[in-house]
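Just one chain is shown here, as structure tokens, and it is the form predicted alone.
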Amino acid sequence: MLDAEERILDAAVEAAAVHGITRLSVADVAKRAGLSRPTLYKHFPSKEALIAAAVQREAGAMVGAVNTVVDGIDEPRAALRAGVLLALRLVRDHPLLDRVVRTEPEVLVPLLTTDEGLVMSAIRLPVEQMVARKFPHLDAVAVRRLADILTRLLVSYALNAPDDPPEIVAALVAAVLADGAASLPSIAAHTVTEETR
């Protein structure tokens, strides 16, 4: 049996997929979770805290699934392709994300796009760790920048899915990022040389 917080978060995602985030009712979430409102408030003191926890959990689950796939592939380009492909599929198939993107994008955009936003903070570090594992020759700054590009690209695709099939998009993104990562040491060395002149 799931613990109370997991039941509440499951119920919140379910209710938000039906009603949206703006019209999400704490009473409905409590009822779906089989708990009283006071019990729900013991775990989440406000609707905003509940939404934040649900969004972070869902983002974390997606990142975890992507990391599992990527960790099983040694070649960097193939790992990126598999990771991006799974991320695109998960985003397209997520009922809450689909509902909110279609009906309440103004609620979702701040959660997804700002550096302080829940999703950016939930996925940037795991993406950075994955980039560091797959591209060990890169320094910390290059790893951070490459992870930032990949994170922002995936968040952008979550808001507005590309027209091409996910397989094509994943292959292109992986090729561009992997080839770019391969050339970064020479770019960094060139930039330092240019700046010291």
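Quick caveat: nothing in here was measured; it's all calculated off a predicted structure. Only the largest set of C-alpha atoms that superpose within 1.5 Å between the two forms is called the rigid core. In case it trips you up, residue 1 is the first one in the sequence shown, and so on.
We do not show the form predicted together with the DNA, though everything after this point is about it.
Residue 27 is the only one of 172, 27, 61, 52 with a heavy atom lying within 4.5 Å of the DNA in the model of the complex. 42 is the sole member of 42, 31, 152, 145 with a non-hydrogen atom within 4.5 Å of the DNA in the model of the complex. In the model of the complex, no residue of the candidate spot (68, 124 and 133) has a heavy atom lying within 4.5 Å of the DNA. Partner contact region in the model of the complex: 32-40, out of 161-169, 137-145, 32-40, 53-61, criterion any non-hydrogen atom within 4.5 Å of the DNA.
Residues of 3-23 that come within 4.5 Å of the DNA in the model of the complex, judged by any heavy atom, reduce to 23 alone. Core-superposed comparison between the shown form and the other one: the CA of residue 40 exceeds or equals a 2 Å shift.
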